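Given next, in structure tokens, is a single chain: the form predicted alone.
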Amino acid sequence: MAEKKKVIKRLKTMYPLRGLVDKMFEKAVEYSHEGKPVAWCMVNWWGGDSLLRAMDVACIYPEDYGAVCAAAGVAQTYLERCNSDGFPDHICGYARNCLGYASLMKAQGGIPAGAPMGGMPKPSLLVGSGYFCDTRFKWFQALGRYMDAPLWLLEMPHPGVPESLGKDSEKYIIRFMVEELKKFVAFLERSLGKKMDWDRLDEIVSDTIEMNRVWWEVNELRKVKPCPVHSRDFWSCMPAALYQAGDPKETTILYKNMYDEVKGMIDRGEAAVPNEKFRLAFAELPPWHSLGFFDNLAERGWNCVVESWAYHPPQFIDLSQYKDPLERVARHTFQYFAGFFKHAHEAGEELGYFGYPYIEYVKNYKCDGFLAHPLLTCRTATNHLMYVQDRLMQKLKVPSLFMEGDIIDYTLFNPDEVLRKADAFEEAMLHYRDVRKKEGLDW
């Protein structure tokens, strides 16, 4: 039987960016064999990544590896192992995949057989993060059942919208973050037995900020109708920036190549989904095990033109006046976190990060609908979705479709149920196009 033709037009420049993930895991295995330091890290939105790389530590990310395992169809083995060790099946799918993997690693005395991308070698360091999610706070601590590695937890204040805009709030937040980073440097120097290369760090931080500037510009091009970049390509090339999968200077070149390809598509009037009928925003985490499902939606003319804000780079701000690389790291990371807060406050919206960004996205990307993916195993990426649904309808007259599932466990995702709702949702999107026109909205 002939393979079904893929509907979504994939970017050629996406492939080398996606390939950086393979190289990231390959490098970690090489470092492990050579006796060099390897860190298992939680995504920290560049809060600690540059420091680790300046110290020549190979960094890999169990959250990213969870997505790899789900896409490769092997995650269920690790999930079942995690369950058999007594962890509840409603905790974070990334955590369950990682804990099950670590359990098998301990039992087999090394990288588990059949691990995709060569597997994650045993870490020299664990770098956790208190950003956003309570599971992430305890997850790396729980790895102590299976391995003995020093753990550092990166922290960042989480102010609300009004609190972040108070007098001197940002000054105190940045001061706190810089002090935390200084302590992290001291921890790395003690653990690795060498000093920080501050010149190298300064270069990496500047390159990282430039990398994210270019990546942000690529996503700005997606506002064009028809949209030249589907969310599938975003998810494929996003890890290059989010996880600093390669040298940021070289990664910047790859994103510039992508910018040129996308700009060329715009000039030729080409779209990621031929005959784009409906433009959708997607939230939050995708079903990594079933990304091919988006081709089924693309067959109907559905183009996912923007997605989860937490995986987008921050809007660029010039940080060149700050000479301390730690302060630039702190300000860059905090800009990612709070970059929408001022606009949210002006709009009278108080849920400034997981809520308000979608109001801007849907309006600026001219979306017909909001496709939400509530997850059984992730409160952080789920608890705001009903709020977003309400605000989009109240403010922009844009309807929402919910498709329940999970990032890792494919048994919790039912694509047929979503397709059964598709006709009715299309009718709703068409209806609210007329409503928006009557109310003076421009799409």
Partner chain sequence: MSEHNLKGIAKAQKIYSDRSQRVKELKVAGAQILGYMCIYPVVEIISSFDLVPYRIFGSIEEPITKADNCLPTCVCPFLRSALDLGLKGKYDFLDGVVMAHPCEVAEKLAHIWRTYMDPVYSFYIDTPHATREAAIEYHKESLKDFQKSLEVFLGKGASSEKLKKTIEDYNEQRALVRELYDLKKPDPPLISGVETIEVLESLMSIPVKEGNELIRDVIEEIKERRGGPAKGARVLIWGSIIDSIAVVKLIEDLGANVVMDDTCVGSRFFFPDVETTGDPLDKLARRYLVDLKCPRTFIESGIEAGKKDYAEDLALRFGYLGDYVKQWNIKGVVLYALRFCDTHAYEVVSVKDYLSSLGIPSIYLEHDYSATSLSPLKTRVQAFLETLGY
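Source: prediction; values computed, not measured. Positions refer to the first chain, counted from 1.
Not pictured, yet referred to below: the form predicted together with its partner chain.
- The three residues 187, 354 and 379 all sit with a heavy atom within 4.5 Å of its partner chain in the predicted bound form.
- Of the heavy atoms in residue 266, none are within 4.5 Å of its partner chain in the predicted bound form.
- Using a 4.5 angstroms threshold between heavy atoms, residue 277 stays clear of its partner chain in the predicted bound form.
- Of the heavy atoms in residue 176, some are within 4.5 Å of its partner chain in the predicted bound form.
- Although the partner is absent from this view, residue 150 contacts its partner chain in the predicted bound form, with a non-hydrogen atom inside 4.5 angstroms.
- Heavy atoms within 4.5 Å of its partner chain in the predicted bound form map, among the stretches 249-257, 206-214, 177-185, 289-297, onto 177-185 alone.
- With the partner omitted here, the residue from 172, 311, 322, 316 that has a non-hydrogen atom within 4.5 angstroms of its partner chain in the predicted bound form is 172.
- When you look in the predicted bound form, the only residue of 220, 261, 163, 202 with a non-hydrogen atom within 4.5 Å of its partner chain is 163.
- Within 4.5 angstroms of its partner chain in the predicted bound form, the stretch 376-393 places a non-hydrogen atom from each of 376, 379, 380, 382, 383, 386, 387, 390, 391, taken in sequence order.
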